[in-house]
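The chain that follows stands alone, in the form predicted on its own, written as structure tokens.
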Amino acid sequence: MQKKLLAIVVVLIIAVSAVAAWQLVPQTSAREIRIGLVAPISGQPLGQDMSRAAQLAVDEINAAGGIYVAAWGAYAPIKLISIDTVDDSPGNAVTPVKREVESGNVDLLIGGYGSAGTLANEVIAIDNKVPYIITGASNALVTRRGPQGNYGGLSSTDSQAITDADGMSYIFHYCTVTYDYGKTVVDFCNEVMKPMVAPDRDFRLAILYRNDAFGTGVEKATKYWIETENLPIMLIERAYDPKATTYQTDITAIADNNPDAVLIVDNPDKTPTIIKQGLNDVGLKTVYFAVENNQDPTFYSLLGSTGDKQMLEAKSDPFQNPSYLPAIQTYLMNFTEAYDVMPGVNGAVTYDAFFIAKDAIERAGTLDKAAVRDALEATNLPQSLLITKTGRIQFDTGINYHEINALTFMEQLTWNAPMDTLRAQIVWPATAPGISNFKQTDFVLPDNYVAGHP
């Protein structure tokens, strides 16, 4: 009898030990975490860059075990859902998002490239209360169009305003906004270029922009900062149809106003054409500024040697080798090893967003969307591929609702003839949080530069 009892006790001890040991080993959930990538994958090179970056992030997270969900007591892999918005126009950007939110049951959305398309498709996330981390669309209305952001300055009855405060709280902006673009360009013109070319008069800045939510957002922001900071800058404005392919008439109209520099607001497939037509066809020998979404292999490839000494407003440069941030160096190496192509900036911030999502889900301990929303709002991570003014990734809860406090900077392009490559170096500002020797070289005027005049 004693032997039988002893045997039972031994069996029980073994069973309890086995259960305890099983609990110590991380368990993998059968339930996947479904994250939708919203991007113009089939219609834009930028969308393909975002897709590659998203897959790289997912592969890295899953290879490390996935995302720990405390409510399940298990690690779960990410299932990447590609939501192709084709050209990211409003007509193509809504339906695929609606399908995956309402029928595909995605847990979270990441991406959104064009401002017009994103303003349209984010309404699906707002109505269904799905967390959405925007990594491309730069119009500030993306996160300010609700009551928290004072409707972005609109009336609450405006067609673009969102009165659903709870719904708006699910939208986050992990990228710079057009106000960042405008401030960076006008401050650089005033502090660096004006003393060189217009010390005794107003600096003459022309802005040539596509007539859509993206272009008008940059135009509005540029004008805002000139007026708010009372800068000695005269703004010359010209808008064009986003479907245009030739720009000589527009550039000629700009040239007739004798600018000291031209800010171009378009995508990397068209900005090089505008610069080439300006320099070569119209003969406007000035400094051309491209905006940060042009930080993409397509832009560098199409512009080529014509880009020598031209300018690029930037928020991150995943091209740089060696880089100003170790994380960028690592990302560049891993991305090029995985895909044998250079990365672009929209992919870089999309990559970051997956790790922001991972951190939020793990802190929430659940896939409950409201809990994940709350965790995203409380994000406090070290900066990664995107520089912030505090060195931390944090989402604002004031008027700049759910935006990050990003640092933007100016780069000057240089053509390397022996290597047949166009690359960029940081020329302004001199410093950045947590980064030594941030400025890499001094700004110089192009050899054929002609200053403007009244």
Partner chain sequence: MDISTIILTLVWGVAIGCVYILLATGLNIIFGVMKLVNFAHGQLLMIGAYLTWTLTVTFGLNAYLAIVFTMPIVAVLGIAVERLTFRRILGTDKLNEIFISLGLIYIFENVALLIWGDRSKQIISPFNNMILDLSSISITYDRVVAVVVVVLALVAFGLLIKKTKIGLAMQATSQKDTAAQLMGVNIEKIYMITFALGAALAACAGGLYGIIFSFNYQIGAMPTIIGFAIIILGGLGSIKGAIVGGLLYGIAEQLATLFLGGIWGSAVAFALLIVVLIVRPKGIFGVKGE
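Nothing here was measured: the structure is a model prediction, and the numbers come from that model. Residue numbers count along the first chain shown, from 1.
Below, we turn to the form predicted in complex with the partner chain, even though it does not appear here.
- In the predicted complex, the partner chain sits within 4.5 Å of a heavy atom belonging to Asp296.
- The partner chain is not drawn, but in the predicted complex it has a heavy atom within 4.5 Å of Gly43.
- None of the heavy atoms of Arg423 is located within 4.5 Å of the partner chain in the predicted complex.
- Taking non-hydrogen atoms only, Thr246 approaches the partner chain to within 4.5 angstroms in the predicted complex.
- Within 4.5 Å of the partner chain in the predicted complex, a heavy atom is found for all three of Gln48, Thr252 and Met342.
- The partner is absent here; in the predicted complex, the one residue of Ser82, Asn211, Asn128, Ser323 having a heavy atom within 4.5 Å of the partner chain is Asn211.
- With the partner omitted here, the residue from Asn150, Thr336, Ser305, Thr163 that has a non-hydrogen atom within 4.5 angstroms of the partner chain in the predicted complex is Ser305.
- Remark: of stretches 120 to 128, 181 to 189, 351 to 359, 277 to 285, the one touching the partner chain in the predicted complex is 277 to 285 (heavy atom within 4.5 Å).
- Shown here without the partner chain, the chain has Asp269, Thr273, Lys276 in 258 to 276 lying with a heavy atom within 4.5 Å of that partner in the predicted complex.
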